[in-house]
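Before any questions on binding or motion, here is one chain by itself as structure tokens, the form predicted alone.
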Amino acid sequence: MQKLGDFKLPHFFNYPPYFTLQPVRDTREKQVQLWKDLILDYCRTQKIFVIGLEEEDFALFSNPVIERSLSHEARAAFLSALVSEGRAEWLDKGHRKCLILWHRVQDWADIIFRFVKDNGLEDSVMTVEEIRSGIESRGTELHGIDRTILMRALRVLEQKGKLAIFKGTSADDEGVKFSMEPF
């Protein structure tokens, strides 16, 4: 099995036709599903949150072993399929950068809730940066989380009354006051 760093690539990655958009609808649907799963799995394991459509060097979009690369059209099709399922969002009107949601925002909110509970952080205050890169988050899925995704997940919890987000003098000063009881 071929690997990309420590990531095991699926068998289809060595099958040249999967690097070309398939013209037969049933085959294309299967191809799109395989690529969506691969992109989500790879991004999750490598903690990648943004993929640029123009990024020729994005590791998944080419296979030097079989000398194949996805066309711009194929990359756009696979990322658009993720967007249509709510597993990604275009970050710009030109559809050049895509935010990958390997966990949906509600799932990230649940992860934050468990993190707070597991670490005894109920009724405490943390900065947004501490949640993303602090000692407490090391070794968790939250460590290194994209700020946009984190803020959306925190707003979900804020709407449920589980925390309050407050502004500091700069974006780095944004804080969170947890006040958690079970959902």
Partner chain sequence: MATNSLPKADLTSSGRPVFLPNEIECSILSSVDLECDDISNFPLLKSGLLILTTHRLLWLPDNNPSSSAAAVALPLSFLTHIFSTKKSVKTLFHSPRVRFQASLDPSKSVVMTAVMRGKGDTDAFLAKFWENWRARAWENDVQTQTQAQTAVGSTSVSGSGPASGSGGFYTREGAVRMVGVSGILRKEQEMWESTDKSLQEAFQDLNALMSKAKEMVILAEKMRQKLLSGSNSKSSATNDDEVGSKEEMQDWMLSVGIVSPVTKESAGALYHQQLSRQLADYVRIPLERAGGMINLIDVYCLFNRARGTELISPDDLLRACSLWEKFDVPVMLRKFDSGVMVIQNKSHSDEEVFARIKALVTNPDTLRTGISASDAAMTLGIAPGMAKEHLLTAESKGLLCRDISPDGFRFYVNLFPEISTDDVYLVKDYGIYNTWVRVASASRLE
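Keep in mind it's a predicted model, so treat the numbers as computed, not measured. Numbering follows the first chain given and starts at 1.
Although it is not shown, the form predicted together with its partner chain is what the next lines describe.
With the partner omitted here, the stretch from 149-157, 46-54, 33-41, 127-135 that lies within 4.5 Å of its partner chain by heavy atoms in the model of the complex is 33-41. Every residue in the set 7, 11 and 18 has a non-hydrogen atom no more than 4.5 Å from its partner chain in the model of the complex. Although the partner is absent here, residue 179 is not a contact residue: none of its heavy atoms lies within 4.5 angstroms of its partner chain in the model of the complex. None of the heavy atoms of residue 62 is located within 4.5 Å of its partner chain in the model of the complex.
Taking the partner from the other structure, its partner chain in the model of the complex has a heavy atom within 4.5 Å of a heavy atom of residue 23. Not displayed here, its partner chain is kept clear of residue 117 by more than 4.5 Å at the level of heavy atoms in the model of the complex.
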